[in-house]
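One chain follows as structure tokens, the form predicted alone.
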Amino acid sequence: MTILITGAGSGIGQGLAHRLSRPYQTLFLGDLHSDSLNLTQAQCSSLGAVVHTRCIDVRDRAEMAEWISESARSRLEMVFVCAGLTGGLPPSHGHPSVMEREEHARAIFETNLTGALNTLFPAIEQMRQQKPDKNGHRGRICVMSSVASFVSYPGTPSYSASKAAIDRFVVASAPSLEKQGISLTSVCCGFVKTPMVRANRFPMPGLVSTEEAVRRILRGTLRGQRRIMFPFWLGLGARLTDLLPPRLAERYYCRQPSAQPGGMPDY
């Protein structure tokens, strides 16, 4: 069985790679940072997995298509789309109002949305060509979104919007692909104890360990859930808050430390 993971050099992607490593398991791991990717490779190989790595930028459509095609020479059973960027408003430096930097906003959309599509489409095409197993499955694809996708959060405009877009795309595409034997799952999780949140200097309600997040993600993906949401209370609260008129919701959002200029570091 072959499993492909983007963003495997750290965080949830690395955690999934560790959890899925066992003797004779084939892993194709990709990440933009070679040092952390090599560390993941060494750790997974020590657990008996057969590991192939590629230092790759998910924004490169052609290279992503080539890499996924190469990985699917044997049956591509599962794909985990974990590569992503986050970040908030830059420091104000005395200016009365600050908005998200254009270059960072574009990088977030190109990674979280376009990069995810650059993974999804070639993976779907490869799985379509595979014969279904005895249960009618051709493959499973799991994409990391966020609880932030449920809100229009002033502290992270591009992150919230990019995660909302990929969550809606995955959930809306799932019914038609399920008829072809391909399962799509979107993960809308809250704060997970990864390097992405390590520099945050504000309370992170519902913070869960990487190990717990990986356990929930694998369980939901194997069950074929459309959307995995945790902590449930945080996701529900976000959904209910976003039903409020925007100006009313802003009274709460804009008071949060993470919504202040410089409150959420880029990652």
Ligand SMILES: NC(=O)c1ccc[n+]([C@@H]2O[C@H](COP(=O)([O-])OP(=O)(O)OC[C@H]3O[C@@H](n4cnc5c(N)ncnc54)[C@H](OP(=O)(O)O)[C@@H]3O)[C@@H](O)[C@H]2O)c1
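Residue positions are given as counts along the sequence shown, with the first one as 1. A quick note: this is a predicted structure, and the numbers were derived from the prediction, not measured.
The discussion below concerns the form predicted together with the named molecule, not included here.
In summary, the region of this chain contacting the named molecule in the predicted bound form, judged by heavy atoms within 4.5 Å and restricted to 72-80, 124-132, 156-164, 176-184, corresponds to 156-164. Interface residue remark: residue 190 is counted as part of the site for the named molecule in the predicted bound form, having a heavy atom within 4.5 Å. Within this chain, residue 21 is remote from the site of the named molecule in the predicted bound form, having no heavy atom within 4.5 Å. Taking the partner from the other structure, the named molecule in the predicted bound form has no heavy atom within 4.5 Å of any heavy atom of residue 63. The shortest heavy atom separation between residue 29 and the named molecule in the predicted bound form exceeds 4.5 Å. With the partner removed from view, the residue among 171, 151, 196, 113 that has a non-hydrogen atom within 4.5 Å of the named molecule in the predicted bound form turns out to be 196. Contacts to the named molecule in the predicted bound form (heavy atom within 4.5 Å) from stretch 54-69: 56, 57, 58, 59.
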